[in-house]
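Only one chain comes next, encoded as structure tokens, the form predicted on its own.
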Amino acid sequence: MKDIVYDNTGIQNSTEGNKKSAVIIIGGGIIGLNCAYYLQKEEYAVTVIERSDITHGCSFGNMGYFSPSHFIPLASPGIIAEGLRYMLRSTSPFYIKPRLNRSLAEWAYHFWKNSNANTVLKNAPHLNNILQLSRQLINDIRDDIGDTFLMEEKGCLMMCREQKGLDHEFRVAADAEKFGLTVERLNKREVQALEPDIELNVTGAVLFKDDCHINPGRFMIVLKKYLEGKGVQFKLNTTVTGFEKQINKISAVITDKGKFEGDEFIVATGSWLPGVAKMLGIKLFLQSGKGYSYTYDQVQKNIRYPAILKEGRCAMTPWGHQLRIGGTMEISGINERILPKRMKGIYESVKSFYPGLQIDPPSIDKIWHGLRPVTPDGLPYIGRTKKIENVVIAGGHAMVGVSMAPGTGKLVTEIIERKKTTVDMHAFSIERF
């Protein structure tokens, strides 16, 4: 088909040979925008269709980590038993809401099957590949679009209150070193020296020095503005209702705002991925995992290092005098309900690790929540589907969507270009279950 380009009024015009094929990206979250970033660099005519206005969502309220250290997938040994222990606690960091739901039951079965040491051993190298690729690429993106999203390259602490937890993290540190990562094993005194302004209550920590962090909301805003300046078109507050099909191809996306034709289509809709995939005749096992966060705007004596609190299963990120605390994995379906006790549990965990940190309990009306897309094995779906040759799926990144976004964007672009991908992709296959 003829390429589609747009004039400055947003009217579609057909032209010959101005740009490469027209690519439609469904989903304007962190994954969709990074796909658009790399595709526009290859001179594709890119249109992003997004159900919201790209001012909130899972890409905005998370912790902003780029973490090569997160190479262990969520589906891992002990996670099922841990989840069962947490089921009856209203402030617990991990919760699956019991309900009669076939898709949940199927997902839970595959999650259970993959929560073992052998699967982790098999999957961790693939997570490592894409995480390290993304970590390299974010520096290039920063240099390209401008250092305006508060990026800091000081690493991330894995803090432990109990010796058992610290021993486990030291073993993880050894595995990290096998992947070429740089780590420091710290005792209580050494951790306290990194945070001289705040009294700590920890046994020790591991500092993963290759990790970095950004302000994810700023990154989203800056990246969207950059893409608009490069000619990427955005169709916001637009809901996909179906597809126009031609044998084993898609010719157009049908939305409540009209039809959009394209040559290649990328589905990057986060927790809404199964619903959109179903319209294409594709079944995906995926559940939304709700996370909560709260941002303090003025903390006079703030922490200096981002940190994950192992026993509390929550995290903290500082940006100057700003501090964000967040966590939880609540598998309760797609909904907007906020359970304040979840945020209370995060706050209490933070205070138990940082008794000297002067922050008030979160105000209920300012609690943020977002839905993370969780696959049964902790690996994302990235690749073409066998059923439809011009559709690429990119989703299911769970709690490391930011960490894997640039790598995913680059890999998706290589797939669209039909080039050899930078990393081995077979572990991310759409049809692996």
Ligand SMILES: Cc1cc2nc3c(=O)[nH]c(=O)nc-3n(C[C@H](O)[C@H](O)[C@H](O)COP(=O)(O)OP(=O)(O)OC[C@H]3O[C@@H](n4cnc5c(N)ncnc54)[C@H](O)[C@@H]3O)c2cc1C
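Quick note: we count residues from 1 along the sequence shown, nothing fancier. Note that the structure is a prediction, hence the values are computed from the model and not measured.
The next section is about a form of this same protein that is not shown, the form predicted in complex with this ligand.
- Of the listed positions (Gly27, Gly383, Pro376, Pro406), a single one reaches within 4.5 angstroms of this ligand by any non-hydrogen atom in the model of the complex, namely Gly27.
- Per the 4.5 Å heavy atom criterion, this ligand in the model of the complex is contacted by stretch 262-270, the sole one of 262-270, 194-202, 104-112, 352-360.
- A residue is said to contact a partner when one of its heavy atoms sits within 4.5 Å of a partner heavy atom; Phe219 fails this definition for this ligand in the model of the complex, lying far away.
- Shown alone here, Thr148 lies farther than 4.5 Å from this ligand in the model of the complex, counting heavy atoms only.
- The closest heavy atom approach of Ala398 to this ligand in the model of the complex falls within 4.5 Å.
- This ligand in the model of the complex is not approached by Tyr95, whose heavy atoms all lie more than 4.5 angstroms from it.
- Contacts to this ligand in the model of the complex (heavy atom within 4.5 Å) from stretch 225-239: Thr238, Thr239.
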